[in-house]
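The form predicted on its own is given below as one chain in structure tokens.
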């Protein structure tokens, strides 16, 4: 008898994400079990419930997706879930709280289509946030020289320290972008800019973007006006503006969705996967090769 694919969705928010549920259904999940307001101390019983109802040979048909709007809480749930396993008794896990992993992967892949990361210097704006940190990490792992930006240089430096723990040879420089003058200095001479800030906050003006003659790729991940990079449209998908190839949030959204769906499907290939930023990016790279 063929076992149905079951995805257990653990969400730290008061309501489990409808977005993540729809993507799961579109990824050919046959049964979706959603749990909201999940705390780390509740994870063991939920994961054990998923593990102990099927024998080891059938556990690849069960997987756990960790979402929610709070990435830090999602990371805590992932850590708790990883502690639940022993021997062959385990199920595959995926973390994409607030879409941080799939969004960062899509942004970096968009840039990599047009420029050699290993020969480039990049500025990530709002790099201390969950998407920004992941974008920095993925770019750095690709050999890109990084400027890690925050309104506070101390916060940027702390983010650099955290990223170095994951990418030991990362070339990271913390920069402050608290005002226009600081931002002008931060963007000078870079090849790539990724804006990963909160919705409705402009991080780089159109004037500064246009004045940056070295800029080759600009990616804005904010879909709510005012956008994060002035003069970039939310629907831009490899649109040339003032000599730079530009992407808006919807422009990279198609890639993000492909990665999300492919990652969900891959959970059921085996029962021992743990999909975080680097693993999800690798899935995105495999999709690029296949297209």
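Residue numbers count along the first chain shown, from 1. Nothing here was measured: the structure is a model prediction, and the numbers come from that model.
As for the form predicted together with another copy of the chain, it is not shown, yet the points below apply to it.
query: Looking at the partner-bound form in the predicted bound form, is residue 264 within 4.5 Å of another copy of the chain by any heavy atom?
result: Outside the cut-off, so no.
message: Does any part of residue 235 reach within 4.5 Å of another copy of the chain in the predicted bound form? Heavy atoms only, please.
response: The answer is no: residue 235 has no heavy atom within 4.5 Å of another copy of the chain.
query: Using heavy atoms and a 4.5 Å limit, would one call residue 29 a contact residue for another copy of the chain in the predicted bound form?
result: Residue 29: contacts another copy of the chain in the predicted bound form.
query: Does another copy of the chain get within 4.5 angstroms of any non-hydrogen atom of residue 17 in the predicted bound form?
result: Yes - in the predicted bound form, heavy atoms of residue 17 and another copy of the chain come within 4.5 Å of each other.
- prompt: Can all three of 6, 21 and 49 be found with a heavy atom no more than 4.5 Å from another copy of the chain in the predicted bound form?
  reply: Yes, because 6, 21 and 49 each have a heavy atom that approaches another copy of the chain to within 4.5 Å in the predicted bound form.
task: Select from 67-87 the residues with a non-hydrogen atom within 4.5 Å of another copy of the chain in the predicted bound form and write them out in sequence order.
output: None of them.
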